[in-house]
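One chain follows as C-alpha cells, the form predicted on its own.
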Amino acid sequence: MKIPAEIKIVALVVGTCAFYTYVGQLVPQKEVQPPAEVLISSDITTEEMIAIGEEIAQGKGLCLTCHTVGESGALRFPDLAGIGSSCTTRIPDKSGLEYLAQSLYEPDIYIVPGFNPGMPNIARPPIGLTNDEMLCVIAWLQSMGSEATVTLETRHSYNTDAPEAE
C-alpha cells in the first residue's frame, strides 16, 4: 500500500510540531514580574532617598545589570564604587550633581575613558524613571564616596520642573 505524499507531509509537520512542543515544555520557565511600584512621598529624607535609589538601581532602573559596585577587572560599564567623590572631577566646570544627572538623562554625552557607549537613557521607556526616582538614584550614587546632598527639591539642568527651594 502506497501512502500519498500529502499525508506524509502532514504527518511530518504534525510530528515535528509535537516534538518541538515536547522539547519546549522541558525548558524551565521563569516568570518575570514587573518591578514593584516605588512610592516616593513629598516629605522623604535624603537617607530614605538613598535606600529607595538603591532599590531602584537593583530593580526598575536595571543599573546593576551592567554596572558593578566594588569590582575590578574586565567590566562592561564603569564600577560605581566611589562615584560620589569621583563625579566631581570627571568633567571640568561641571558639578557632581550635574555630572550624575547628565549621566542618567544623556549617558552618551560623556563616556568614561576605557568604556564604550551603550547605556540607555533611563528616563525614557522602556525603563522610564520619573524625575523623583532619578533624584533618588542620584542620592544613592552620591552616597558612594561622598555625602548625599540631594532632596526632592533639588534642581539640576535636566529637572527643571522641581519646585523652587525656599
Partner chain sequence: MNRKLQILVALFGIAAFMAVALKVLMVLQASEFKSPVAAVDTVETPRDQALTELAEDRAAREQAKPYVDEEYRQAPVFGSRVVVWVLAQLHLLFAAFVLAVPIFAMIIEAVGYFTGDKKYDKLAYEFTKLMATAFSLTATFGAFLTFALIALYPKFTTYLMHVFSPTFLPYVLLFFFEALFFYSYYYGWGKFHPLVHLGLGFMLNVVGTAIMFIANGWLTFMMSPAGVADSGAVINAWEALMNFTWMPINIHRVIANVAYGGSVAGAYAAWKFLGAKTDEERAHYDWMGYIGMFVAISAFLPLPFAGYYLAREIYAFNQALGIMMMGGAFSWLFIIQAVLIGCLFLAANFYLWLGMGRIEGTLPFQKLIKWLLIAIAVCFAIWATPRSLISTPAEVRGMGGSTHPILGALGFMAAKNTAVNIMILTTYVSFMLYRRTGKRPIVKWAKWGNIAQFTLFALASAVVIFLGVVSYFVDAATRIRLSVPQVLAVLAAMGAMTIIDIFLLRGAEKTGKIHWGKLPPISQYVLIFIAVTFTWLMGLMGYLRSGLRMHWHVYGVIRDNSVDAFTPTLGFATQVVSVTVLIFFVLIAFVFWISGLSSKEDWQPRSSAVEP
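For clarity, a rigid core is taken as the largest C-alpha set superposing within 1.5 Å between two forms. Keep in mind that what you see is a predicted model, and the values were worked out from it rather than measured. Residue numbers count along the first chain shown, from 1.
There is another form of this protein, the form predicted in complex with its partner chain, and it is not shown here; the text below is about that form.
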According to a 4.5 angstroms non-hydrogen atom cut-off, is T21 in contact with its partner chain in the predicted bound form?
yes
So in the predicted bound form, does T68 come within 4.5 Å of its partner chain, heavy atom to heavy atom?
yes
So in the predicted bound form, does any heavy atom of D43 sit within 4.5 Å of its partner chain?
no
Can you tell me if V27 lies within 4.5 angstroms of its partner chain in the predicted bound form, counting non-hydrogen atoms only?
yes
Only one of 98-106, 114-122, 43-51, 130-138 gets a heavy atom within 4.5 Å of its partner chain in the predicted bound form; which is it?
114-122
Members of 42-61 lying within 4.5 angstroms of its partner chain, judged by heavy atom, in the predicted bound form
Q58
Does L26 shift between the shown form and the other one by 2 angstroms or more at the C-alpha, the core having been superposed?
yes
Rigid core superposed, CA of T16 - does it shift 2 Å or more between the shown form and the other one?
yes
